[in-house]
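Taking the form predicted alone, here's one chain by itself in structure tokens.
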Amino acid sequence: MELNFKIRDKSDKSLKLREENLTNFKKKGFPNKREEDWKFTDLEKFLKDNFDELNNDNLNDKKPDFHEFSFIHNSIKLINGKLQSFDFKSENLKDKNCISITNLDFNHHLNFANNLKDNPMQNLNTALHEGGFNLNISSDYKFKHPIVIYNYFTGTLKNKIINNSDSINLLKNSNATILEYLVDESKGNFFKNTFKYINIDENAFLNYYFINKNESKNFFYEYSKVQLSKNSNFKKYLFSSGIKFGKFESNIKLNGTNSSSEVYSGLFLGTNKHQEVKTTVQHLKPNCQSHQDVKNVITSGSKGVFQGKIFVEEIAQKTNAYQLSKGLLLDKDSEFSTKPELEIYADDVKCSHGSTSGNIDKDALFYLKSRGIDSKEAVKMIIKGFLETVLEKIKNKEIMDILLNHFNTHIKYENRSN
């Protein structure tokens, strides 16, 4: 695979820094299975097998036909990773300073990226960074309606690499629900390398959902760094069925007492898909809680991966941390790999993890078929039941409707001998 990465703007004041990061990336290259964090997802091999070339030439952006949801919401629109427009009219703001959103420029990006210098994907992101957004929510502001990030990919993106980053900041006593909705209408394979920086201040609360609308033959790597202050709460829901390749990393730091985080993921991986969910949850203060529930339904030569680490600092007494991952394998060609870890230095904690994988319960299948339900529909019912513990956490009706449509679109099970 030929890499044609160029820093296009030679007048950029940060040219030297970009060049340094590109040099650092070239020394290391894309991560491969020799690195512990990438042992199940050999990115170098995936890219070599699917791309003859990767370049960061100017994108052929084609404005899509925007189809917004009918329920009341606020919107942020991205095209190929770049901020295009936003609309917060649903909030009827009296104080326009309650919410601000701007393009995330390179200098702002560096404020977050500097402590990830040893990450080659961050080196590449910094070297070739080309946009994103910065969202600030002021103290005491509580969103009445969800924010939908319409994340469109459109135009001819063959052999392109897209490097962007987003920043979301919730100040004291604020809260928001954000739905990132990925719509891929592009032509040609591309690879997207994204870094997200989320800061949640004291007594603030954020629900963050990721759902993709349609099938995508493209490749996505996302690293999210989340920091929580005292009494704050973060919930992340990941539903990326239908994407050919995805690795979604979350590094969550519980930096304040009584802060909490929850991560939920429910995936159906159809023909020849690869998805990895990787989490690192750091308990750094006393009386914090974390909960993780990751479920994969896997078929037709696909592979699901979960790597999850819970770290408890010595000072973090009264920690309560729970982690569960499960894989439901629908055929012999499917694979589920998992690596749960606990690293605990405090002595007054409640920490547990579990991981299981297995096939369809034949007794359950027989029971449904004996009630007149055909085999294909019976398997779909078992799949939905398997994912239900993730779905039941969602209280927002509009988002639940979107998610049910997502599963109806992507759960495709062909009749097999059982």
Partner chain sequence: MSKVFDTNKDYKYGFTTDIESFKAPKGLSEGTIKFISKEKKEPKWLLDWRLKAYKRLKSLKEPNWQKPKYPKIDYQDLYYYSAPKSTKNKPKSLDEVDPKLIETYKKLGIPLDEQKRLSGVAVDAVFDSVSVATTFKGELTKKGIIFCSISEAIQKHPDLVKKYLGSVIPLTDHYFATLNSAVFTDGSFVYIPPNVRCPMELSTYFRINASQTGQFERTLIIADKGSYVSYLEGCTAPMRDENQLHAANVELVALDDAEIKYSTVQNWYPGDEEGKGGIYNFVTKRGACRGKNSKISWTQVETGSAITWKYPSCILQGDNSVGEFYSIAITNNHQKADTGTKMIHLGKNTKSKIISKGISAGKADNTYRGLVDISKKAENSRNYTQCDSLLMGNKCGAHTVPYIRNKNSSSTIEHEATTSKINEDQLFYCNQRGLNQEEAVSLIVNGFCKEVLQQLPMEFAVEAQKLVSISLEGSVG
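Residue numbers count along the first chain shown, from 1. Since the structure is predicted, the reported quantities are computational estimates derived from the model, not experimental observations.
Not pictured, yet referred to below: the form predicted together with its partner chain.
>> Does any part of L365 reach within 4.5 Å of its partner chain in the predicted complex? Heavy atoms only, please.
In response: So L365 does not count as contacting its partner chain.
> Looking at the partner-bound form in the predicted complex, is K303 within 4.5 Å of its partner chain by any heavy atom?
Replying inline: Yes, K303 lies within 4.5 Å of its partner chain in the predicted complex.
> At the 4.5 Å heavy atom threshold, is S355 in contact with its partner chain in the predicted complex?
Replying inline: Yes, S355 is a contact residue.
> For P340, is any heavy atom within 4.5 Å of its partner chain in the predicted complex, or not?
Replying inline: P340: yes, in contact with its partner chain in the predicted complex.
> Okay, which stretch from 324-332, 227-235, 125-133, 177-185 lines its partner chain in the predicted complex, with non-hydrogen atoms inside 4.5 Å?
Replying inline: Residues of 324-332 come within 4.5 Å of the partner.
>> Is it the case in the predicted complex that F40, Q317 and V349 each bring at least one heavy atom within 4.5 Å of its partner chain?
In response: Checking in the predicted complex: F40, Q317 and V349 are all within 4.5 Å of its partner chain.
> Which one of I99, I76, A113, I344 is close to its partner chain in the predicted complex, taking close to mean a heavy atom within 4.5 Å?
Replying inline: By the 4.5 Å criterion, the partner-contacting residue is I344.
> Of Y221, F336, Y152, Y208, which residue is found within 4.5 angstroms of its partner chain in the predicted complex when only non-hydrogen atoms are counted?
Replying inline: Result of the distance check: F336.
> Of 166-197, which residues get within 4.5 Å of its partner chain in the predicted complex if you count heavy atoms?
Replying inline: Residues within 4.5 Å: none in this stretch.
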